[in-house]
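The chain below stands alone and is given in C-alpha cells; this is the form predicted on its own.
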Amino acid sequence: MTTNDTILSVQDLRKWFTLRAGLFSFNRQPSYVKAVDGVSFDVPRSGSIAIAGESGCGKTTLARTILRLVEPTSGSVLYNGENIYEMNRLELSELRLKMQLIFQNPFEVLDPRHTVVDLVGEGLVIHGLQENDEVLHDRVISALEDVRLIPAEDFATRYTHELSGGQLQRIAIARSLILKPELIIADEPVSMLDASIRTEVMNLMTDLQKEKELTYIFITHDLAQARYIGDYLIIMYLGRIAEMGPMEDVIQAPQHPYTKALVSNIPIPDPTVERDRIMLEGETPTPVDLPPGCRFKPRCQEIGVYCKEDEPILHEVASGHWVACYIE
C-alpha cells in the first residue's frame, strides 16, 4: 500500500525469460529463467535502499524492469501511485525525466566521439528541453560542478580518453542529474573503479542526495558499500527476496542463512577483531525450472525438513524486518 511518503512501490514483480526448446528436444514445454520472481517492496521518498546479492541473483534485471527498459511478465510498479506499465509512450517519456539509471561501466555508456559537454547535455537534447546552445552549455557546466569536476569549463571540452575512470563515472552521474530526477537507480556504480576512488564517488552520491533530496536504489554485491550508502537493505537470491529490513537491523541480526554468510564476510577494519566467516559451498544454481522447496537449500547449512518441500514466504520477524526462511 503506497502513501505520500512512498515514491515507488514494487508489487509482486516477475520477469521470466522463455528458453526455446532444442531442435531434438522431446519436451516441447517451454522453460523459463525466473530472473525476478515475485518481488515486492516500497521505496520511501528521499530514502536510500540497497539491493545486494551475488551475481545472477536478479538485481540488474529488477532495476531494468522497474524502469521498464524490459517489459515485466507480471506485477506492477507504482511511481507516485501511478502504474508505470499502464503508461503510454508520451507518459513514459515524461517519467524518464524523473527516474534515471547510473550504469556500472561508464566506458560502455559514454560515446568516445563526443565531448563531455555533448555527453552530459544529451538528455536535454533528446527530451527537447534545451532552450538554446548558451542555456544548454550553462546547465552542463552547473551539472559538472555538482559532481565536483572543477574547473568545469576545462572538463567540458575533453573527450573520454582524456579522463580517468573516476572522472568518467562522475560524468555519468552528471548526465542523470542534469534532468533533475527524483529517483536514481545506481547499478554497481563504483565496482569498476579503483578502491581509492570508490569512497570518493560514494561520498559524492551521499552529498548529492542531501543537496537535491534524491531517492536512491543502490545495487551492489558488496555489503560494505550497501551499508555505506543505504538505510534499508534488501538481500536477493535467485530472483526472490531472502531478507529485507532496516540496514543495521539486518547487518547486526541477520536471520536468513544466506544473509548470515554475506554479513560474516564483510571486512572489519580492526585487525584485533575476529569473526567466524561462513563459507558457502558450491555456486548459485541456475534459475531455470527450480525444484520445489527453498531455493537456497543446496547451499544451506541449516536446512530443515520443511525447506525441501515448500518455498518459504516473507514474514515479519521484527518491526520492518522480513525474512523468507523456516529457520529462525
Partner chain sequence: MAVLEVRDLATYYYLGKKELKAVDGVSFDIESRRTLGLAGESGCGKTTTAYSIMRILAENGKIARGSVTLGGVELTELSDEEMRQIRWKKASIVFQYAMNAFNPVLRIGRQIVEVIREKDKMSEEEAVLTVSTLFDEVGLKPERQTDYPHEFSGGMLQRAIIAQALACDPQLIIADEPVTALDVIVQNKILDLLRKLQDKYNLAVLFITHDLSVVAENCHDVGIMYAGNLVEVGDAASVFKKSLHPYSYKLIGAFPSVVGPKKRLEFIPGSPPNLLNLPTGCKFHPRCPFAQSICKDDIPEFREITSGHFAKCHFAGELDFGGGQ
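Rigid core: the largest C-alpha set superposing within 1.5 Å between the two forms. Numbering follows the first chain given and starts at 1. The shown structure was predicted, so the numbers you read here are calculated from the model rather than taken from an experiment.
The following text describes the form predicted together with its partner chain, which does not appear among the structures shown.
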Only one of these stretches, 244-252, 90-98, 110-118, 145-153, has heavy atoms within 4.5 Å of its partner chain in the predicted complex; which one is it? 244-252
Of 46, 265, 61, 31, which one comes within 4.5 Å of its partner chain in the predicted complex, counting heavy atoms only? 265
Residue 42, heavy atom within 4.5 angstroms of its partner chain in the predicted complex: no
Can any non-hydrogen atom of residue 302 be found within 4.5 angstroms of its partner chain in the predicted complex? no
Residue 194, heavy atom within 4.5 angstroms of its partner chain in the predicted complex: yes
Is residue 228 close enough to its partner chain in the predicted complex to count, meaning some heavy atom within 4.5 Å? yes
Using a 4.5 Å cut-off on heavy atoms, what residues in 37-59 are near its partner chain in the predicted complex? 54, 55
Once you overlay the rigid core, does the Cα of residue 279 travel 2 Å or further between this form and the one not shown? yes
